[in-house]
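The chain below stands alone and is given in structure tokens; this is the form predicted alone.
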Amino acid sequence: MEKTRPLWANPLQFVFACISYAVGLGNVWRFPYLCQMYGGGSFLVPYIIMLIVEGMPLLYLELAVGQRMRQGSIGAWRTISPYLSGVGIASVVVSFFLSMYYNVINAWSFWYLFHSFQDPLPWSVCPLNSNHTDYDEECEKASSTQYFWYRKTLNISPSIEETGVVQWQPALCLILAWLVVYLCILRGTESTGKVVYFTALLPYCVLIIYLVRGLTLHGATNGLAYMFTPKLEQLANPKAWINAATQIFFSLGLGFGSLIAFASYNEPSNNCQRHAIIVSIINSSTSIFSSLVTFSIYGFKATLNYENCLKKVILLLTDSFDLEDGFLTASNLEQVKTYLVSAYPSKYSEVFPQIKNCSLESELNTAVQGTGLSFIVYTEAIKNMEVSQLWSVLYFFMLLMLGIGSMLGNTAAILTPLTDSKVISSYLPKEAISGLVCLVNCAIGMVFTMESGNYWFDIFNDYAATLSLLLIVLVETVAVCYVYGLRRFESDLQSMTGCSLSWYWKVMWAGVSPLLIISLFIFFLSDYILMGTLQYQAWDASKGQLVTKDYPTYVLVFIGLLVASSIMFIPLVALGTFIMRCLNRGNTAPVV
């Protein structure tokens, strides 16, 4: 007798699971970066438009497919057409790649969380050198936060070619991260449904606390003014629109199969249209809300750096020209500099190379995203706050909740098709299947804890999913509208939910969204081609900064295989199905 499919305990669990999965680290560390790069408040215009024409329609499509077919990605697309089984396999492979490296971020968050209980914070000051006569040379050339990240956390090698060995402390944190994920997914929807209440809600609590604290920081208003001051000329920049579409696409987690997996555990009568709108709006609102927090921190850090720069210039000029203490201030600095140039030209020319150009605008213009924002910029700001340990614990706890919430969706995309398989589930219980998936991912993920691990992390982050997901979602949309049939799918939705499909969804699915995906695909492809030789940022310890290097040939080959390894299943499985059908027809042909 066929087992009944597990269900969410209530619709709220499903919504929280989707929110926990969609609202992730990209909302905190990529959206604020894009706002900073593309005109502050004016970036919201293309972002909201792309949400309406791309985000909501594609999210609804995936939820509807999962709820209608009541299977994971492989089974769902096989039901639509046997030729499309490769789409589901491609989604599982991409999710597997993502899980391999994404949980490393959780491992780093654990590492920083454990160190947040120290007083002073270990990244707040440079350590002494081996002779205990001065500060460490690498740290002095960089900064204490950069040193703690690149040397103490990653112990990074000078290039990707120098592999190094596994770092046992990050490796232990990675094992812990996978153990936590395993405990969360152990019993499928039964355990995940309870965990998502925490992973969905707790980050908002921390963000609210951080916003209140951020608004009281010195210089926070400078950051918020920078965010809300629109640069309308950026609306004519095609890259602003392309990045808005890309952010919406990847932030919602489209194409991984996670949303299809989550929706497959719904009651057939569930109103997935309403839930798609709710999740889309909450996801985008969170990005905007987290930007308020980030820009208040940006303002604090930028103001602090600007004022420190001014103090150094004032001290330099006071000592060089024997000025009275307190005479030179930030308000009269430019006026006094003009006087010194005219009165003491030769002496000023000697001092001039040491005078830094202090600018609050340039400090605010310094755009950082990804791990650089979370583990360098934020830690730089946190170390200067009062009761810095408390704010550090809260921040990295929030990162953990966001990361684990996303990992629940990533693993669901892998596990649901495996547990749906009668062959696999007849031999192994779902607890064993979950354990094996986590164990394999953890074992391969050890590569990212090596001295060159961060370089490989960047490769997976940049190339494992970008082009693959665009192609997967394009095929999904075309398959529903033109293979399964839009009218047939509309009829299915109406019989399931009792709601008719409006013209908006039909127009988006049949025309606008696919054309938009094709445009993004062409942009990314041309961008890679025009870029020439792919390069990466390597840490130079002697300079205390990042330097640009070319990827070696074998890495370029690996990147090509990484991109092809998932999308190749789409044509190969379709071709294999076609050949098998031809052979079966030949075998069953009547004998004359």
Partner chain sequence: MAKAALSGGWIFFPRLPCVFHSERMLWPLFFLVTAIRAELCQPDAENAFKVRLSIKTALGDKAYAWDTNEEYLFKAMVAFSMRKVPNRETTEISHVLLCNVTQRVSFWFVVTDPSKNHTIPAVEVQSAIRMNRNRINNAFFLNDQTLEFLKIPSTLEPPTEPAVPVWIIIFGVIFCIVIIAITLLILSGIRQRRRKNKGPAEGEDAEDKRATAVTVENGIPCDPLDMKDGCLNDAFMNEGERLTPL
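Predicted model only: the values in this text are computed from it and were never measured. Numbering follows the first chain given and starts at 1.
Note that the form predicted together with its partner chain isn't included here; everything after this is about it.
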* To do: Please state whether all three residues 168, 175 and 431 have a non-hydrogen atom within 4.5 angstroms of its partner chain in the predicted bound form.
  => yes
* Pick from 333 to 341, 451 to 459, 515 to 523, 181 to 189: which stretch has non-hydrogen atoms within 4.5 Å of its partner chain in the predicted bound form? -> 181 to 189
* Asked: Is residue 439 close enough to its partner chain in the predicted bound form to count, meaning some heavy atom within 4.5 Å?
  -> no
* To do: Classify residue 162 as contacting or not contacting its partner chain in the predicted bound form by the rule of any non-hydrogen atom within 4.5 angstroms, answering yes or no.
  => no
* Could you confirm whether residue 352 comes within 4.5 Å of its partner chain in the predicted bound form, counting heavy atoms only? => no
* To do: Report yes if any heavy atom of residue 197 sits within 4.5 Å of a heavy atom of its partner chain in the predicted bound form; otherwise report no.
  => no
* With its partner chain left out of view, which of 419, 318, 234, 270 would have a heavy atom within 4.5 Å of it in the predicted bound form? -> 318
* State the residue from 128, 278, 444, 225 whose non-hydrogen atoms include one within 4.5 Å of its partner chain in the predicted bound form. => 128
* To do: Using the arrangement in the predicted bound form, list in sequence order the residues of 296 to 325 with any heavy atom within 4.5 angstroms of its partner chain.
  => 315, 318, 319, 322, 323, 324, 325
